[in-house]
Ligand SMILES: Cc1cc2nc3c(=O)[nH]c(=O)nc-3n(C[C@H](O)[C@H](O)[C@H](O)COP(=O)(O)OP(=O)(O)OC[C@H]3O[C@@H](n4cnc5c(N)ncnc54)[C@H](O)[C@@H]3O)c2cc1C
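Presented as structure tokens, the chain that follows is alone, the form predicted alone.
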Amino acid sequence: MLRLTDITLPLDHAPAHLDAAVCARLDIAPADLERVTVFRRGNDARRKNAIKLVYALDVIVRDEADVLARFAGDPHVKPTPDTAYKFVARAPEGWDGPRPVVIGAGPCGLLAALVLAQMGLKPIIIERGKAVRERTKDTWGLWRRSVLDPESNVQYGEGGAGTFSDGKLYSRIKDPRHLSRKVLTEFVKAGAPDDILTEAHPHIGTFRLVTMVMSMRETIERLGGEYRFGTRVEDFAIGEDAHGQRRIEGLHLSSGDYLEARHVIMAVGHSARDTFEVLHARGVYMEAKPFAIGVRIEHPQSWIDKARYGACAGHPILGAAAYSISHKASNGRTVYSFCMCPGGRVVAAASEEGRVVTNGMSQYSRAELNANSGLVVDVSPETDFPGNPLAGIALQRKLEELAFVAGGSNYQAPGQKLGDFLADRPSTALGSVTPSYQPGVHLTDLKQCLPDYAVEAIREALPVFGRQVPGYDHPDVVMTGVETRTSSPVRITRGRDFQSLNTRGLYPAGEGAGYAGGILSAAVDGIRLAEALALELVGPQA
């Protein structure tokens, strides 16, 4: 089979044109083409009124050797790579050795647990939040009634923070072993739409993520895995091995139980602040890392569609348009869009009482009125929160507390029209853009809950973005604060064996450990950690 890339066709091409394009590209007769399968489809929207679809195709031809010889050296005509997942280890038949523990049931922990279960290692999954159905009800409690459950919310619970997001399934990670394909394939088995395997920028959406996560849990349990929901790890027992090295020995759980555990994957997510504090107190090596802070910005989706697709806006193949923009401000800060959610809504994402956090989410249809995105500014430990590995958490908490007060101390989000933000005046009334955040937006002045350097940088960037995306800086556009959970403020540093630098048996993983950003990269990291743990526990597969 051959992989052809960079095959371009008009937006409204007929299905037969795909075969014709392959024959023309390979200079073969139609009779010599046996099969064409779409591997990936994206679009080229640089010319708004002449948008093209861009394909990567897997094709079977009558004389593959001849084609490869004629196109030797052409990077767009190659043998199709083998993307099938291959297990690196497997427990012996009747395995009754120590069971690995996975802390956290978000994308990273979910894939780690699944792969461990598929290798016969029967993992125990510890999740402080609830199963996804019950967790969804608690999350709605904040959105609809301003009632926050600190243990069951957008951040905590089965599925992780990615459950209440746009469900984006693409990343820029290096993936030579095609682990992302393993992730997408498992998602489809669990009920995700088939098109995530072929779209260049696939997404799932919240409702489908909920049912998919439940299906994957059933698979893990069927393979011998065990879930413990509503259970928080309150402390870590750390001793020494025979060589005098620090080693994880067990976990003290909120249930009062002590769980012996010498192989633990830490997939706690970027908001497990109390867990970071306990790890730091127990001497597990960690360091502060950069992240970003800012606001959520909302535009009518129709404005973004028109700005990006011109006369092609609304075409069913294109769907709701997205954007990705950045600007280096004169004060040295980079301002950029983050976690852009087409046709979605801004959601309350707090996990601690007395604090307000915003995030974005979309359903699979991306059919809601507004587009939203984080509009954030980079911050770094050297400049903005020096002192200790947990100083970034203190900065996040400070801004979230200021947002809670600015919003009225009732979990409403402080909001401001873009025109008022640029003019340095509080907003008192909405214009043509209606914010989507629930439990509501309190109009005020966002500079009350943002550092001066962030306000300065965003004010400079907005007109620049307006030139890149027409309508972006319309004065009626609504901004809500604050966006602080862009990534983990700490890195639980690990070595080449994927274990903690100074604590054997502890495998820091995913977003919370500072090694991923988004559903797909976190899930891929979970697979890597599961593999490393399995090799340590049972050795390579014979």
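All values derive from a computational prediction rather than experimental measurement. All residue numbers refer to positions in the sequence shown, first residue = 1.
The same protein also has a form predicted together with this ligand, omitted here; what follows describes it.
**Q** Please run the contact check for Gly104 against this ligand in the predicted bound form: heavy atoms, 4.5 angstroms, yes or no?
**A** Gly104: yes, in contact with this ligand in the predicted bound form.
**Q** Taking 4.5 angstroms as the cut-off for heavy atoms, does Cys339 touch this ligand in the predicted bound form?
**A** Result yes; Cys339 sits at the interface with this ligand in the predicted bound form.
**Q** Please tell me whether any heavy atom belonging to Leu533 falls inside 4.5 Å of a heavy atom of this ligand, as the geometry stands in the predicted bound form.
**A** Result no; Leu533 lies far from this ligand in the predicted bound form.
**Q** Using a 4.5 angstroms cut-off on non-hydrogen atoms, would Gly344 count as touching this ligand in the predicted bound form?
**A** Result no; Gly344 lies far from this ligand in the predicted bound form.
**Q** Would you confirm whether the three residues Thr231, Ala267 and His270 all fall within 4.5 Å of this ligand in the predicted bound form, going by non-hydrogen atoms?
**A** Yes: each residue has a heavy atom within 4.5 Å of the partner.
**Q** So which of Gly294, Pro414, Gly160, Pro100 reaches within 4.5 angstroms of this ligand in the predicted bound form, heavy atom to heavy atom?
**A** Of Gly294, Pro414, Gly160, Pro100, the residue with a heavy atom within 4.5 Å of this ligand in the predicted bound form is Gly160.
**Q** Report the residue, out of Gly407, Gly360, Gly225, Pro389, that has at least one non-hydrogen atom within 4.5 angstroms of this ligand in the predicted bound form.
**A** Contact check passes for Gly360.
**Q** Just one of 80-88, 147-155, 378-386, 444-452 has residues with a heavy atom within 4.5 Å of this ligand in the predicted bound form, so point it out.
**A** Every other range fails; the passing one is 147-155.
**Q** Judged by heavy atom distances of 4.5 Å or less, which residues of 101-131 approach this ligand in the predicted bound form?
**A** Counting only heavy atoms within 4.5 Å of this ligand in the predicted bound form, the contacting residues of 101-131 are Ile103, Gly104, Ala105, Gly106, Pro107, Cys108, Gly109, Ile126, Glu127, Arg128, Gly129.
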